[in-house]
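Below, in structure tokens: the form predicted alone, a single chain.
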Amino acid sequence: MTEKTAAKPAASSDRPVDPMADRPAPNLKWMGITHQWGTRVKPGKHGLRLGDLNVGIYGEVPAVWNDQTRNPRGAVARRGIPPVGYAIRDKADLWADSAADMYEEAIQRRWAPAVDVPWASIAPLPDAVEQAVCQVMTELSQYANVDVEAVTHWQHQMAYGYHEVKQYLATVSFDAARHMEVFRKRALCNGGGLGLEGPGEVNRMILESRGGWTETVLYLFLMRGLFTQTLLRYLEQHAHNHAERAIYTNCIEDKARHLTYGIDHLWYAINHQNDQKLIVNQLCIIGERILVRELKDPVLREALAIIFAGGIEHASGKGIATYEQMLGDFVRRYLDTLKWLGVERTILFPPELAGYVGKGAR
């Protein structure tokens, strides 16, 4: 009888395992690599705001951002990082001194249509009035959708060194998404529904702006944005309930921030780039003609006239008169803003709109 081979003893499960056995030793060569050690930022009376971080080298915003990676401003660049290829690297092509403050205001004044609008205050309206409100909401929702698309199209093309602008524009996208939401909700919550699609000529002009972000700013924030804000102010005066009033009030505040950035950027661009004033003037000529063509479409005009008159009966009288007054307010504010920027448009402005200047509220 042959002897059985003795089995090898099993490994003891009680043997301690060294957790660092297969791990590399600490390198720590990254420690101490900084352009400015010892920098301390201090909160002010409103807390630690975005603009408070701009101390020392972290507040140095170059005229041209040569780094083609996503290296944060003030960080030490790592060699060998593939370039991203930003299209907008000149400060004058996107900058506005107010961007950091507008970012802070935007996040502090955010509102939620689901809970901050008293939807229960909406009562049935005459069919003609409800249809008019729904038509205006439809077109305003289209405007907001274009805001989102235009801003996001350009935002990722902006160099990382101008983070204040990129962060502020993120809030603009969110504002616009909220506007699209709230206008759509108002159209659907009172038995009406979405109306007829708007002409879209100005929308197309904004989305197809190829001359750079400054051109888009002119059309999106100054021309269309100022028109929308003026329209919202008149709608607020003719609100039918607390819900509509809350919608218009909050949207007006959001639009004011957008307009502030837009004007500040145009001012910076005009004052830091040769011939930019002449370029803006020519772009205004192009944009105004397209705006005039779109305003000739009767749908928005008649819907607003019905709202302003409280019905169809007086729409062709009181309603149209109020509409023309609204256009006058818009044209005057638009021309005054351009004049402040140093762009004189009084003589060349299309006569179809220039005639409304004297009809605005004083």
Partner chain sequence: MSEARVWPAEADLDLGWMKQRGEWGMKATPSKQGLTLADIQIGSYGDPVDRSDNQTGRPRGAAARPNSYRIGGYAVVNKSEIWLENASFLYEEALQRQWSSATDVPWHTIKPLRDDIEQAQCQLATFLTEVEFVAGDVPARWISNTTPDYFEPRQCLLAQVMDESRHMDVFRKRALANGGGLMLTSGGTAGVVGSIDLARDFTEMSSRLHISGEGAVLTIFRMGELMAYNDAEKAIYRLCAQDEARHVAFGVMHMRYMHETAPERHEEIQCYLDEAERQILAGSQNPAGNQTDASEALAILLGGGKDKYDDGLNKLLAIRKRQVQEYIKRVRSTGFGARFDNGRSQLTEMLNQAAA
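Note that the coordinates shown come from a computational prediction; the quantities given were computed from them, not determined experimentally. Numbering follows the first chain given and starts at 1.
The protein also exists as the form predicted in complex with the partner chain; that form is not presented, and the subsequent description refers to it.
- Of the stretches 254 to 262, 212 to 220, 269 to 277, 180 to 188, only 180 to 188 has residues with a heavy atom within 4.5 Å of the partner chain in the predicted complex.
- Within 4.5 Å of some heavy atom of the partner chain in the predicted complex lies at least one heavy atom of A132.
- For the chain shown alone, R233 is not a contact residue for the partner chain in the predicted complex, no non-hydrogen atom being within 4.5 angstroms.
- In the predicted complex, the partner chain sits within 4.5 Å of a heavy atom belonging to L48.
- Although the partner is absent here, Q36 sits close enough that one of its heavy atoms falls within 4.5 Å of the partner chain in the predicted complex.
- In the predicted complex, the partner chain lies within 4.5 angstroms of at least one heavy atom of each of the following residues of 171 to 208: T171, S173, F174, A177, R178, M180, E181, R184, K185, L188, C189, N190, G191, G192, G193, L194, G195, L196, E197, G198, P199, G200, E201, N203, R204, L207, E208, in sequence order.
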